[in-house]
Structures are given as structure tokens and as C-alpha cells.
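Only one chain is shown below, in C-alpha cells, and it's the form predicted on its own.
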Amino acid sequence: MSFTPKSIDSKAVHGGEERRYAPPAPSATPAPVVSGIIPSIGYVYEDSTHLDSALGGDPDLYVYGRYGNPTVAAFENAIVDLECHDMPAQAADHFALATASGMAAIHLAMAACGVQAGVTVAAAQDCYGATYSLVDSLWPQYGAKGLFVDATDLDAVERMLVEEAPVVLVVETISNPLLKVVDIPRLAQLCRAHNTRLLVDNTFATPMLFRPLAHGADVVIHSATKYIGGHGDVLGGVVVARNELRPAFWDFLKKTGANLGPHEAWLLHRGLKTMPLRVERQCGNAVAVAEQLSRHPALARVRYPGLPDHPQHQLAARLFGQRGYGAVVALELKDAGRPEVFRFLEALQMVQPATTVGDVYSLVLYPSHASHRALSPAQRAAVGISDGLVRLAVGAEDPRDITADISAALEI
């Protein structure tokens, strides 16, 4: 008898563990509770027709590490379970491919969806700095046109789609670092009407808050380094899309070699199992921290989708329901520039200045000299990233300790 979990929490714990859902005939050989790591680069087939199928891209057969790996596939299958949670009958119609980093996943998605010389690629204007650089400088080096749009302005998006006809539009469910929330269902409708692929970076929301595929997105992207891994000790990315896109994705990944290794996949799969607990705690902490800091006199503004004064608060509540508003808070230090921000960062004791999010630790980052360093001052100003903006990734500590540490540092 087979069994399939119904809860997304249970899927996070058991996803990719095929042995329990379709057990073989009874055997005296015990099955390990924890799946192992298969590091082999090559595979031997006694039947050459199977080898031929493996070389041809059969996702259930393995031939060479760059073409696929069973440990990596277990992680990929677990991601499909989560991102397709709202449409379980269609999960088999979707695939995931894991990559060596989140940026490799974004680059893979853009290229496999048709970004090349002579076409236009569009992105939300306040996206992650490295994504911005892909669209602003890297793709144009290869002959594509890159442009940006305020993805929260649906009229502006529609005008851009009509006038520019981009092959893809890249957005973030919750933007980095300004924490804008975009209307994925409406963007999907607009993109579909104008033959544009909608690529959604769901890193900050995670599948625990929102699952874009069920709302019309063509591709979902994660920097798995963040909330999926969850402990700051493994680098990786992953894309999820419909099976009709798999040949293009698999071919590009096979040829470029940005694959995730089996040891990294095993760590990410392990992190996935505790993601529901971590994200729930971190989202709850973020609400408490944002509410407390919103009253601090040294802060000009606190940006957080869970606060009623956030421009997309109602949209976030509609999209995310009661699941949370994310675990990242943006702090605008009053009358601050680089020297004042550096003094704040150096005064922190428990909260750590580090260039990532999603860890169990609370971390802060200064976008102007880290994530968005590649943007010129004029570009950052146009996006809305001021010299006093600090990104706080709220961890799993007691929110009172987080708030106390930040408050003390602001007063130095």
C-alpha cells in the first residue's frame, strides 16, 4: 500500500523519499531512515539501449554527473512536491533542476526560456543586484536588450509588454531589498496575453508562503542557499517548471555544467525538512521585530509587508494568507550615509553583518556596498535604495534579543 502526505509540512519532511511511498517486496535488508549520498560520476549499463536512453535525457536514468545524479534528483523531486502542493494532480507534469548557485538558476531560466541576441529581457526594477546586473549588462554584452519596469504598477507592466515584447519578465515575489510584493496572478495573466514567460524568484517567500506555479507563473526560481538550506553552509539553486520546458533547461544545464553536486544536494535536502519550522518562527520574529523597530526614533522608516503601512500589505495578506509575510525587514537609518551605517554594523553584538539571508542567525547587510554594489549611485537612487538602507534577515533567536541588540547599536 502506498501513502502520500497531504500536508505541505509533511511533504517538506518526506519529499524525495520514494522508498517509503512505494516500498518493494518485504526484505530482511533494512532501509536507512536517512538517505545516503551517491557521489559517483559514471554509471554502468549492461543493456546499451538503457545507456542510450540515459544519454538522451531520460530523467530516471543516470549516465554522467553533469547529466544528473540520484542524490540531486531526490532533492529536486522534493522541491517539486512543495512548489506543486496546490496542484498535486499536476506535480508529475513538472520538473526541477538544481544548480550550483541561485544565480546559476536565474541564468539557466533566462537562457532556456529564450534570452539571446536580438531579443528583449525585462525584470522588476528593484530586483536583487546580481539579477539586475544580468539584465543591465551581461545579456546586453551578448546582443540582448535589457530593461526594467516597476512590477507593482500593472499598467506600466502592460505598456512595457505591448511596446517591447520581452521574451521573459523576471520578478521576485518579495523583492530584495525593498520588500515590494508583486501581484503574481495578474502578472501571469498579462504575460500570457503577450507571449512573455513569467519567471518568479520565490526565494524570500519560499513555498511555505506562496507557490507561483499554481498562479500562472512559467518558472519558479530559488536561491536554495537561503531558506531551503537554512544554515549558511551550502550554496545552491533550483528551478521548477512544466515538463514541456525540460528539454531546453536540461540541454543548457548539461552543456554549461552549472550542476549542483551530490554532497550539496544532500545538505539542501536535509535543510528542506526543517524549513517549515524555521520559516514559521522567522516570520513570526520578523513581525515582532518590525513592529518594535517601527517606533525607534533613529529610524526614518521600517519596510515590512506585515506592517499595515506597507504599500502592498493588503496584497501580501491576500497572496500569503495567514502563513506569514517573510522574514526580511528593511531599515532606513535616519539621516545616515555610509559612515553612520558602518558604525551601526560594527556596534551590533548578536546580530551579524553577513552577505546572505535565510540562516537561523539574524544577519544584516548594507545593500549599497554589498548586494547592490554593482549598481551606480544613480541606479540605486532610481530604484529607491538609499545610502541609509539596511537589510535585516531575521533569524530564529528570541525577537526581544534581536530588537534589543539593534536598538542598542542604533543609539551608539
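As the structure is a computational prediction, the values presented were derived from the model and not from experiment. Residue numbers here begin at 1 and follow the sequence given.
A second form of this protein, the form predicted together with a small molecule, is not displayed here; the remarks below concern that form.
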- [ ] Would you check, heavy atoms only and a 4.5 Å threshold, whether F204 touches the small molecule in the predicted complex?
- [x] yes
Task: H269: touches the small molecule in the predicted complex, heavy atom cutoff 4.5 angstroms - done: no
Task: T71, heavy atom within 4.5 angstroms of the small molecule in the predicted complex - done: no
TODO: Give a yes/no on whether Y132 approaches the small molecule to within 4.5 Å in the predicted complex, heavy atoms considered.
DONE: no
Open item on the list: Using a 4.5 Å heavy atom cut-off, which of 195 to 203, 81 to 89, 306 to 314, 111 to 119 contacts the small molecule in the predicted complex?
Closed with: 195 to 203
Task: Every residue of Q125, A151 and L187 near the small molecule in the predicted complex, heavy atom within 4.5 Å - done: no
Task: the small molecule: the contacting residue among G102, G230, P166, G326 in the predicted complex [heavy atom, 4.5 Å] - done: G102
Open item on the list: Give me the residue from L178, L235, A298, A336 that has a heavy atom within 4.5 Å of the small molecule in the predicted complex.
Closed with: L235
